[in-house]
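The chain below stands alone, shown as structure tokens; this is the form predicted on its own.
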């Protein structure tokens, strides 16, 4: 869910990095735009990676970091060359759908980035090869529960390694909101009181526009009540029984936030996390629901005395005793080849480039608590909070109908926030469309 921006200055820097890699050979000819390893290496593996996680990243420090890691990997494995297929960041979602089709047809790359929330689909299609023999059992057992639930199959085998994740949290200005709200009512009340203290601020901002972030962020409110989107067969059930009550409660809470004035009406148009950062920089927001990945940009962009005012806490729940939940996303590496040597090389590449080292380069959160303790990047006390939050992480269900469920819930939340539909009407519309999509996929 990270945002990527490429203005003229950044593009120029990236081009300089690219030309440098091509011009110098990336360390003795072992790194080019489309290859890791020497051209004459006797063994070859095809490798599909998202642009962000390569030496072509649009973030200069990431590009530098992965250039260093790729070069070292090539030098440590002189018998191998990895032929690269780089996926532009803006095409990563479509690329996952193509990857699944390629896997079904036996044309997938040997090793590839796989989005965490579609790993289950790949496992179900028998597209991924087990990788557990190349990881210590401690490395697997140490993963956060929500991670293991996704990457370990029903047979107990590891089918992908999820190396980077994130989570959603509540950011608040402690001078306006001294205590972290624990419940929805406390959140709304704290937002109203903050607006009374400073008339320039919006009490509480959240994603409410039509995009995936709106659903993913706010599913925490549904999950914390015990809600489930789909059943074991991947059938939508968010509109049935208690799940219906939980989803209506969630929509009514979001509506109350706007109707009470705690949140401005324009939240129905917000579909970019950067809006929260801009509001914080302008001093016009007291609280917002965002991601851990916004902490470093805020630290960099705010004057130190202003940044000190910002604190993070877990997402409030409907009732005091409800379990706190947070949405977690991120990327894995998976092996598609049936050649054991290539599966092993995919695992080695994952361990040597991404696990720990890649987290250091990107600042994205590790999926094993031990890495928080081992890597210098994560010694700041804020990462203790992030690590605690991940214990209650929840991943999106990796079922074929999820994209349509998300699409319909985006519409539903939007119509509720603008008053075009009641929560009941919006939920019924979303349920009918989601069930129609499920039945079509099942036929």
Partner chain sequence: MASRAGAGTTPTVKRALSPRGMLGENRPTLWLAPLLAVVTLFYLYPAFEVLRYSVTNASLLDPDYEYTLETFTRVLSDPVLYKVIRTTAIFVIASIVLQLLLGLMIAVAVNRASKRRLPGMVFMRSLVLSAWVMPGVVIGIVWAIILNDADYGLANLLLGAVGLGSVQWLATPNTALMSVIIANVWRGTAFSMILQYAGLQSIPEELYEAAEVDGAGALQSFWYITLPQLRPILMINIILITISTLNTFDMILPLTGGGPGQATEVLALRTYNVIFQNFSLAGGAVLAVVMLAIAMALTLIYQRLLRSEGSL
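Residue numbers count along the first chain shown, from 1. Note that the structure is predicted; figures quoted are calculated from it, not measured.
Same protein, other form: the form predicted together with its partner chain, not shown, and the subject of what follows.
- Mapping the unseen interface onto this chain, residue 425 falls outside it, with no heavy atom inside 4.5 Å of its partner chain in the predicted complex.
- The closest heavy atom approach of residue 368 to its partner chain in the predicted complex falls outside 4.5 Å.
- Within this chain, residue 269 lines the site of its partner chain in the predicted complex, having a heavy atom no more than 4.5 Å away.
- Contact between residue 265 and its partner chain in the predicted complex is found at the 4.5 Å heavy atom cutoff.
- When contacts are defined as a non-hydrogen atom within 4.5 Å, all of 100, 278 and 415 contact its partner chain in the predicted complex.
- With the partner omitted here, the stretch from 400 to 408, 47 to 55, 383 to 391, 34 to 42 that lies within 4.5 Å of its partner chain by heavy atoms in the predicted complex is 400 to 408.
- This chain is drawn without its partner chain; in the predicted complex, the residue among 189, 182, 210, 197 with a heavy atom within 4.5 Å of it is 210.
- A heavy atom within 4.5 Å of its partner chain in the predicted complex is found for exactly one of 157, 309, 72, 104: 104.
- Annotation for 109 to 125: interface residues with its partner chain in the predicted complex are 121, 125 [heavy atom within 4.5 Å].
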